[in-house]
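Structure 1 and structure 2 below are two forms of the same protein chain, each written out on its own as structure tokens.
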Structure 1
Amino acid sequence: MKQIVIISGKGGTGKTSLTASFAWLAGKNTVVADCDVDAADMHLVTAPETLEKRDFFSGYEAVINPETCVGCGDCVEVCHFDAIEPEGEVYKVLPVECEGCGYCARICPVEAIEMKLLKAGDIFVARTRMDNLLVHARLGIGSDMSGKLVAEVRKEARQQAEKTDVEYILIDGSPGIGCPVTASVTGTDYVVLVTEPTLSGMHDLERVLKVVQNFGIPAGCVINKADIHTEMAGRLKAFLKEQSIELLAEIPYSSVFSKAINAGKSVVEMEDPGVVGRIKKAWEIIIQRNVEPEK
């Protein structure tokens, strides 16, 4: 089993559209993991039918029992997050402000404060219209546990892949270089970088490549909208060559990306030979040259 992660240094490069296309091409031979948990949208083009759903718990939240609280105010004095306020003669915790550190519970003289495990989201296992499994998640409102949720999504995806004996796990990672990206990349076999020929595209490609190189994972790159700025595209190619990163494809700008999203389809299901052919070729390169499963 090989794990392929698709990431980008910035949003809007076509990362998810590319991942959905790879998922279509791989078919039942893959499990797809949507690890862009802060803005999951793979379900928009895969039409998943939920098979399993479970709660994701991470972190703690302080809860004050009003019947036990004596209104001493010790908890207010030690809370660095202003998460506790008076409610009549006792106190209550503001859930959105609470960081779950537990200091208030430690100093409460009457043990009126309980640290409760916090539900931070939901994890789903679904069957897609592409005849493969999709593991995706919904992060709870205000939750900052996206990195941990990504790790759980990947763990579930691996278990599903082992259970169904597929050859690939396709991971749609988050944009940027934060914790969700690190959690998406760690332990994978190959990274597909998606960028665009703009100044921000170049800058963010350089940043995310440093993350990948820190893990020592082989990588290739797709330049999307390659014809909107040919000079910058040339600079991107020179940079990739300098860094020994294989150029997987140069995809021209095309409205087929937005049309595919509106139709609830992957790009390779649309009629655009120029774009579709390049995406298919990129997938062939990934399989044949880089991440061919062990026999």
Structure 2
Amino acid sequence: MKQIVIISGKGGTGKTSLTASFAWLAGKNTVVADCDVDAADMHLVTAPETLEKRDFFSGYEAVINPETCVGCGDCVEVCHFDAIEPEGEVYKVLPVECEGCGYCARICPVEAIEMKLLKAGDIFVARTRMDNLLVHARLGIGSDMSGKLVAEVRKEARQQAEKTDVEYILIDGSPGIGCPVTASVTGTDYVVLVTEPTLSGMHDLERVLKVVQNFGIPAGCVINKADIHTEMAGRLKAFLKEQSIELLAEIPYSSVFSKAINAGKSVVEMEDPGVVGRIKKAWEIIIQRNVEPEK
């Protein structure tokens, strides 16, 4: 089983649209893991029917019992997150600020503070209309557990893939270069970078590529909106060559991307041979680079 992650650094380059297209092309041979947990949109074009749903718990929040609190203020002194405020004679915790470190609970002289386990989000296993399984998650409002949730989604996807003996896990990765993207990339077999020939696209690609190179995973690149700026596209291709990254496709600027999203479809199901042909070609190359060794 091969794990292929699709990442972009910059948002809005077409990462999720491409992942959905690959998922359609791979059909029942794949489990899809939506690890863009902050903006998980894959379900909008794959029409999943939920098979399993479970809570994901992670992290804690301090809760002060006003009945027991004697108002000594020791908790305020030790809190480095300014998460505790006076309320009348006693104190209360501001949930948005609390990092769940438990320092206050540990030093409270009257044991008035309880550390409550927090629900960080929901994890879903679903069957899509593309005849594959989708593992996706919904993060609770303002939860800071996105890195852990990514790891959890991937674990579930791996278990599902092993159970059903499929060839690929397709991971729709997280944006940026921080904790969630590291969690999306680690332990994968191949990275598909999606970018566009803009200064921002180029800059973000360089930064996210450094994260990828830290892991030493082979990578290929899809340039979307390839014809919006000829000079930038040239620079981008020169950069890929210099970094020994295979160019998988140059997709022309097309409104088919937003039309597909609004029709609830993947791009390869639409009528636009120029775009569809190039995405299919890219997927063929990815498959060739991810052949299982003979047993």
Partner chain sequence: MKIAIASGKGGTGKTTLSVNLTAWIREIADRPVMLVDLDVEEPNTGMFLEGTVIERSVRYRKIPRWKQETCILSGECAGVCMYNAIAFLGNSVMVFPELCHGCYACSDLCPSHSLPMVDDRIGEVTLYQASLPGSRKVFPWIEGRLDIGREMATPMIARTIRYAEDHGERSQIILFDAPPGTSCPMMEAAKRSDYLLLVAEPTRFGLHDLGLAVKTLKELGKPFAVVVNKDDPAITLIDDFCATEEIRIVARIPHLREAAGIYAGGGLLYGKIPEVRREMEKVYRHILEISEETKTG
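Numbers follow structure 1, counted from its first residue as 1. Rigid core: the largest C-alpha set superposing within 1.5 Å between the two forms. Predicted, not measured: the structure shown is a model, and the values here were computed from it.
Looking at both structures, it is structure 1 that matches the form predicted on its own. In this overlay on the rigid core, I217 has a C-alpha that sits less than 2 Å away from its partner position between structure 1 and structure 2.
With the core held fixed, the Cα of D131 is displaced between structure 1 and structure 2 by less than 2 Å. The two forms, fitted on the rigid core, differ between structure 1 and structure 2 by 2 Å or more at the CA of H80. Note on V90: its Cα is shifted 3.3 Å between structure 1 and structure 2, core used for superposition.
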